[in-house]
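Below you will find one chain, with nothing else, as structure tokens; this is the form predicted alone, and questions on how it binds or moves follow later.
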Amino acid sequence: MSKGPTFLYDCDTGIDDAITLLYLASLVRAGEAELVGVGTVHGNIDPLTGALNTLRVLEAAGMTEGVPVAVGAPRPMAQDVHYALDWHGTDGLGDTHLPDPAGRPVAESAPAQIVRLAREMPGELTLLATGPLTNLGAALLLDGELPSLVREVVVMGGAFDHPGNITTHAEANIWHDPEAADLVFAADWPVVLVPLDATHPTAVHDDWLDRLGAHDGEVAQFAARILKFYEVAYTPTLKRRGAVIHDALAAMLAVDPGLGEYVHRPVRVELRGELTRGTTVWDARSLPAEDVRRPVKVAVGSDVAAFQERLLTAVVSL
């Protein structure tokens, strides 16, 4: 019996998703969490490539069986598909062009996997989503009872008092499918949202990256290799060597909520604005809430030093 969360991980396996998979693998190995499946979605890369990347990472971490990897939505609900090749490379893993994994994705689609596992494990699943939310939106449309079956939804996405990272106001995961994101925030289930406001301050820099690179373990070297591309991509934004491993913070807060600081507010997604489509919106006024939506638990900060140390320890432990 797992002492920690039972994760179903929905992602678009690029570089920070890969590091997050390693973090989750370390928890599984330590008996502190269970990973019952992974679904991939368009975003950093196409979902089939993302699924193969997921299998590569799981195999690198020694998790060669027991975690089905399902391919999900290849495009958003209502706009063209875009990939983040300039941030994650043409292969999604920093142009490392690693060998094909030994395993293959399962035949079941990622939205169907969400519904099936939620039905099989009612009240147990922590649905961790660190890519566009198309699979979650589709799963909500497939099964209207889904919100009552999932223990918690933890999403890396959005920006409030922080600039967007794909437009002036919109964060990438939300911008890639605003309609699906709004479905997720409108549903009556407990949502924890980890936006750029919380993730950007966790950027790792020289000391962290050098400590990772100096470790002679195969998994640590694998992580350091794929992070090289990310470091170069982030230099203009951070103005120094470094990277923001956004997705790992969402995973860590799912395991240890006490690591974060939060506010509770209904969240909506701008769907029509010419300049603001994909923006996450909350009402920050000190007035009685008029929004009928269930409030979202929004992370606005975290213990950065603890996050960085735990993440490094997890990756080098494999």
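One-based numbering along the sequence shown. What you see is a predicted model; the values in this text were computed from it and never measured.
Here the subject shifts to the form predicted together with a small molecule, a form of this protein not shown in this document.
Comment: 165 to 173 is the region of 219 to 227, 103 to 111, 165 to 173, 206 to 214 lying near the small molecule in the predicted bound form, near meaning a non-hydrogen atom within 4.5 Å.
Leu196 is the sole member of Leu196, Ala73, Val153, Ala118 with a non-hydrogen atom lying within 4.5 angstroms of the small molecule in the predicted bound form.
Although the partner is absent here, Asp177 sits far enough away that none of its heavy atoms falls within 4.5 Å of the small molecule in the predicted bound form. Taking non-hydrogen atoms only, Asn44 approaches the small molecule to within 4.5 angstroms in the predicted bound form. Proximity of Asn135 to the small molecule in the predicted bound form falls outside the 4.5 Å heavy atom cutoff.
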